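The chain below stands alone and is given in structure tokens; this is the form predicted alone.
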Amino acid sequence: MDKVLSIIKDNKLTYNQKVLNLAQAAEDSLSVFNITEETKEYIEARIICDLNEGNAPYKARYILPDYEKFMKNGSKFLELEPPKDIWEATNNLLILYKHVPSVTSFPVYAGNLDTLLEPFITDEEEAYRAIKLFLLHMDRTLRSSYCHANLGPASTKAGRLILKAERELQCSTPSITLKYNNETPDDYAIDAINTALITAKPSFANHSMFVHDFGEDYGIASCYNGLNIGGGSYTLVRLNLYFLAQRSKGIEDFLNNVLPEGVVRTSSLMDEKIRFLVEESGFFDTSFLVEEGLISRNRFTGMFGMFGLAECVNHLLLPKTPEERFGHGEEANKLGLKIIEKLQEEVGRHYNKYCETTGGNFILHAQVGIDSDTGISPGCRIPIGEEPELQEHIIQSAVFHKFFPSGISDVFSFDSTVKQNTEYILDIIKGAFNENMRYFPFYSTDCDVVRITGYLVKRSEMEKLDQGKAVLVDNVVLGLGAVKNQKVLDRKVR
């Protein structure tokens, strides 16, 4: 009850933020999972973290509706006919977004917006006005920059209008990814880079790599999560490799005993979350999204997250010089790779009957970190302040990307002078993708919108919150915590 009262009295929260926090507090007062005392101990020790999913899940964490089917068929439940022009198309999408749940209570996937809107581009001037209002509406009402839209890989009129509107609006929501491959025209990629250097989006996804893992029917949702369209992920639970390493007696004990046990305990919690969601919550039995074929339960999986690889490696090796630490030393980098290979092997041993779309297995995710993480790096990233030169950073990072179909990234900050030579950025992205890097996010040092870890926040909004004022977008709270605890604005400038 003290927690409920503190939420009610919190002057930094808007009314809507209080409602969501009160709902979370109610759910967290329950206990419905049948897990071992050993697993509970790992949760209390923050070795296992469920990223505030709640203690009685009643909706899947990440949901990627088939918006193409929605545009073609309309919705009986929402009493919407298929759209006939750009105004109806954008209006119908905005209505559906209000009914797509997620861990944040806002949609984490907004669809491949360019291909959704391209059939309705007849008058470009009118379409631009509609698209600009559509994006503005999303930013002001969805209130979470975990909401993520996709573009590409082909150039479209709609895609170019979206990029133009984003440069003018400079909003943090939605985040955007450009699916990029060799067929994406250079001038379109440059248009996207120009936009990203103003407003920190779009990021670039290695389309060929994602297609290899998921087929063409995939989307990038939330931070940078690759998942099946028409499905998604039931849950994301992350394993703290750094804290886990502190339970070991050395490298061999960690690899052969401690890490496998950590995977078993994490997987058991994920199993219980999925069991309750599927068998008891009724979500897949009652949602109109299922009834109208916009999502199907058998296209969902579970995301096994990890973070703190750098600190895990450095703890196990105890390097004596900076040149021997993770991201620099050959022995450290090889150990990091060995740990991830072992993690993949152990996660692959576990079977969950409700993850048919990924062969009954969970898929790995390099988790971006949360605002309360202190001294622990996201995913497989090199700690901030220790980044090597750009080419070395890309080569070191890229070797890990093949292990994480559901998402991994680094974040690159470029000096504002790079705006005079955007072809330089494109060459870097092409080179990174040739090294099998999966995802490439970046921004300019003079952007108001910046990438925190996997999501976007405005510097101006963080300053406002730091002064004790309420802000519209939920992520600003997380962003300010990350700035203070993880020094995310101190990344090496390229």
Partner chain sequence: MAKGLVNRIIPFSSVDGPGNRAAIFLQGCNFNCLYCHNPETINLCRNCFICVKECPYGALSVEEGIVLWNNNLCKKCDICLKCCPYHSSPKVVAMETEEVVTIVKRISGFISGVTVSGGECMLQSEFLISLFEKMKDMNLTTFIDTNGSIPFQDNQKLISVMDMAMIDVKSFDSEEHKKLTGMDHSIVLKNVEFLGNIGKLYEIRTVIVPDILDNYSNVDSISRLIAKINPSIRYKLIKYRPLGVRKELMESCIPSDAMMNELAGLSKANGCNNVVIT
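Numbering follows the first chain given and starts at 1. Quantities reported herein were computed from a predicted structural model and do not represent experimental measurements.
The same protein also exists as the form predicted in complex with its partner chain; that form is not shown, yet it is the one meant from here on.
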Against its partner chain in the model of the complex, would Met462 count as a contact residue? Criterion: heavy atoms within 4.5 Å.
no
Using the partner position in the model of the complex, report whether Glu41 sits within 4.5 Å of its partner chain, counting heavy atoms only.
no
Close approach of Ala60 to its partner chain in the model of the complex, 4.5 Å, heavy atom
no
Decide whether Asp427 counts as a contact residue for its partner chain in the model of the complex under a heavy atom distance cut-off of 4.5 Å.
yes
Given the stretches 220-228, 243-251, 384-392, 116-124, which is the single one in contact with its partner chain in the model of the complex, using a heavy atom cutoff of 4.5 Å?
384-392
In the model of the complex, which of the listed residues (Glu423, Glu183, Glu216, Glu81) lies with a heavy atom within 4.5 Å of its partner chain?
Glu423
Which one of Glu435, Asp448, Glu68, Asp28 is close to its partner chain in the model of the complex, taking close to mean a heavy atom within 4.5 Å?
Glu435
Within 4.5 Å of its partner chain in the model of the complex, which residues of 103-124 have a heavy atom? Give them in sequence order, or say none.
none
